[in-house]
Ligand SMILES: O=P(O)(O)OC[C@@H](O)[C@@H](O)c1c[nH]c2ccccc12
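The chain that follows stands alone, in the form predicted alone, written as structure tokens.
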Amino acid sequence: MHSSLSLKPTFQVAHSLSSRTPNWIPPPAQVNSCARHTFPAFSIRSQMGSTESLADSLKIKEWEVGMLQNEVATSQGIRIRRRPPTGPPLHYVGPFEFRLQNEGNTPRNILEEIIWHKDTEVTQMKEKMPLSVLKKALENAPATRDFIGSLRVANERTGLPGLIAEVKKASPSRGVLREDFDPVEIARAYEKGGAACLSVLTDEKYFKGSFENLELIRKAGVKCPLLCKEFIVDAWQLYYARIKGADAVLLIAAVLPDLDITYMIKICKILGLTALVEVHDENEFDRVLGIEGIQLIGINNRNLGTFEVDISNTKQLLEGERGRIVRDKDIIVVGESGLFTPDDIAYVHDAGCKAVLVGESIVKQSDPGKGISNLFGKDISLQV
């Protein structure tokens, strides 16, 4: 597949690829071309005959577009597949697609498993709450706060990275981090302890989070800007995060092709949201640095395949030309994962991070505010 042909469509097409609404049908020429040039083995419609139902036809067309997404992603070095690659969703059991658990349809790692589940989850949510409903709800959504501005102020005030403290109950690798989990009390403790911004996990199945937690924290009067820590696969989720009180959202380069990231950043600007674009390796970093409108990049030190953490990843990615581009564009870099001690904070700060995102090492403390002081090696709270 020639990626140069696939990555130049208009944003209308990009929206179609990112927002997989059941009622959208790709232009026949586009789908036929994709099927002919990209998936020669999948001659689905020619085998179905004239008795196929409209519902099945739409689902097959949607599946074909999904395969195109996977092909575009592969051409950009993205290893996380958006959805199972083998076979169209012809059979359904309840709300979930029936899929044979063969080699092609088994997730290759935990992130891919999460993304496949999220894809199904978002499709169901969109059916219950169409985009038109979300756009109407925007009229009553709270105004967004300056996420990047808060990080800059904290960095200048303390001489250390601005802290994005994560409200996080559990993770797939560590299990439950805190049994007595009160999201509002934790958020208040973080704010009192000197956090510049907060990250709120909203994924339910794998992280035991919720959008209710995000909404509760926003309505509780916490002044720190809030990052919706969600696995974004569809532009619809940006609108949903916005009406639930988010000031920023996470976009993962390991999951989203360049065109999706570009499009979603444009939507974020329209909605007043800040986009934190997360990278893990050199390929992802180079891709993101080439996208217009990037202001905030997170470097995740966790290996997606093994879940091992190495904070030297941050330093390696910020050395040389990449570091120069970051400085020239005045991009704030956020260090993520594996930060437990003042030495860790100093290490990523010296590497070029003006912000850090930390969850596990402080949420597990009996006093999360004191946990922040221990992490930074000093009290970074605002002294009244």
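This structure is a prediction, so every number in the text was calculated from the model and none was measured. Note that residue numbering follows the sequence shown and begins at 1.
The same protein has a further form, the form predicted together with this ligand, not shown here; the description that follows concerns it.
- Heavy atoms within 4.5 Å of this ligand in the predicted complex belong, among the stretches 134-142, 281-289, 160-168, 236-244, to residues of 160-168.
- The putative spot formed by Gly323, Lys329 and Gly352 is not touched by this ligand in the predicted complex; no residue has a non-hydrogen atom within 4.5 angstroms of it.
- Scanning Thr274, Asn213, Asn300, Ser150 against this ligand in the predicted complex with a 4.5 Å heavy atom cut-off leaves one residue, Asn300.
- Between this ligand and the residues Ile217, Val122, Leu296, Ile252, the one pair within 4.5 Å by heavy atoms in the predicted complex involves Ile252.
- Leu304 belongs to the set of residues with a heavy atom inside 4.5 Å of this ligand in the predicted complex.
- In the predicted complex, Phe231 approaches this ligand with a heavy atom inside 4.5 Å.
- Within this chain, Trp116 is remote from the site of this ligand in the predicted complex, having no heavy atom within 4.5 Å.
- Although the partner is absent from this view, Leu357 contacts this ligand in the predicted complex, with a non-hydrogen atom inside 4.5 angstroms.
- Contacts to this ligand in the predicted complex (heavy atom within 4.5 Å) from stretch 332-358: Glu336, Ser337, Gly338, Leu357, Val358.
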